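A lone chain, given as C-alpha cells: the form predicted alone.
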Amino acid sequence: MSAEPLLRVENLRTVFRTSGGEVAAVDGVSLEVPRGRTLGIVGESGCGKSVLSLSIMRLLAHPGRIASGRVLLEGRDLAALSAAEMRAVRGRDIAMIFQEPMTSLNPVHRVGFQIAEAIRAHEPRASAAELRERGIAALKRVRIPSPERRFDEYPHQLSGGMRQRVMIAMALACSPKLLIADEPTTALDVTVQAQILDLLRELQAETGMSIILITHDLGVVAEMADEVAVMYAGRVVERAPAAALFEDPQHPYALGLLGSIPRLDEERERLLAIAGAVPPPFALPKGCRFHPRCPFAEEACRAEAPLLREVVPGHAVACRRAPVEQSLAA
C-alpha cells in the first residue's frame, strides 16, 4: 500500500447562500482515505456528512458551493477542475451510492439501460451488445440472481435490497478507485443490510478500492471501517482508528453517541441520551459548537472553539478537556 493516501481533503469549507448571507454546512474539514481502506464518517442528521460527500463529488446543487479548501484525488485537486473535467472523473475514478435506491434509479428506464448508461458515459464507442454484456456482468458481480432477466426489468419490479445492489453495480461499472457510500443500508431490514455490507467488503477485497462509508449507524461503522471521523455541526470533532474510537472515545459527543447504543456485553439500567439537537448552520453557538449539549462544558468552552489536535498518535480530538473523563460512558 502506498504511503500517499488516495484521497486527501484539506480544510474544506462548503457554503450555501441564504437570504441572511452565506452559511457553512461543512466548515474546515480535513481527512484522508488510504488506498484499499475504509473511512467511516458518523454523526447525527444535520452534521454535514452528506454535504461533505456531495462536495467531494462536486454534485452540490445551487446555491451551494465550495468556498475554500482542496479535495486531492491522487494529488489532483477536484475542487479546481472544470465541469467537463469533473464529469470524466465521476464514475471512472470516484463513484457514489446514494441513500435511497428507489429515488436514485430512474423509474421509467430499465435497470440494464441505467447501468449501460454509466459505462457509455466513459466509453462512448462501446457497442450495444458490449454494453449489455458488461451490464449483465456487473449484475452478476453484485450477486443478483438471474441477471439476464433482471437487466430488462424496471426498478419497481425489484426489492429494496436488489435495487441497492443495482446502485452498487452502476457505481462499480467502470471500476472506480474510490466508492462513497452514503447511508447504503437505509430502509433495509437487518438481514439485507448484512448482505449489502458483506458484498461491499467482498468487492473491496477483489478490487482494492477505497470506501468512504457515511452513516449514523455505529454498528455498521464498527463492522466496516478502518478509521472513523466523527462530525458535528459541519466539523470533524474526533478522528481515530475504529478500534481506538470504540474502545476509548475522547470527545463528549462521541462518548454520547456510543453510550446511546445497547450492548450485549454490558448491563445498563438505561441508555444515554444527548440533550438537545444539532444546531442549524445559520444559528451556531460561539466557542465549541457542542457546548450547549455537553455535560462537561465550562466557561472557556463557550468562549473559544477548540482545534482538532492529536492526543495520541493517530487519534485527534477537538476538545479542550481531551482526554476527557470516562464517567459519561460508565
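Throughout, we count residues from 1 along the sequence that is shown. The structure displayed is predicted, hence computed values, not measured ones.
In what follows, reference is made to the form predicted together with a small molecule, a form of this protein that is not presented.
With a 4.5 Å cutoff on heavy atoms, Ser30 does not count as touching the small molecule in the predicted bound form; it lies far away. None of the heavy atoms of Gly40 is located within 4.5 Å of the small molecule in the predicted bound form. With a 4.5 Å cutoff on heavy atoms, Gly69 does not count as touching the small molecule in the predicted bound form; it lies far away.
The small molecule is not shown here, but in the predicted bound form it comes within 4.5 Å of a heavy atom of Glu183. For the options Pro285, Pro295, Gly276, Pro280, the one in contact with the small molecule in the predicted bound form, meaning a heavy atom within 4.5 Å, is Pro280. Comparing 45-53, 32-40, 298-306, 285-293 against the small molecule in the predicted bound form, the single stretch with non-hydrogen atoms within 4.5 angstroms of it is 45-53.
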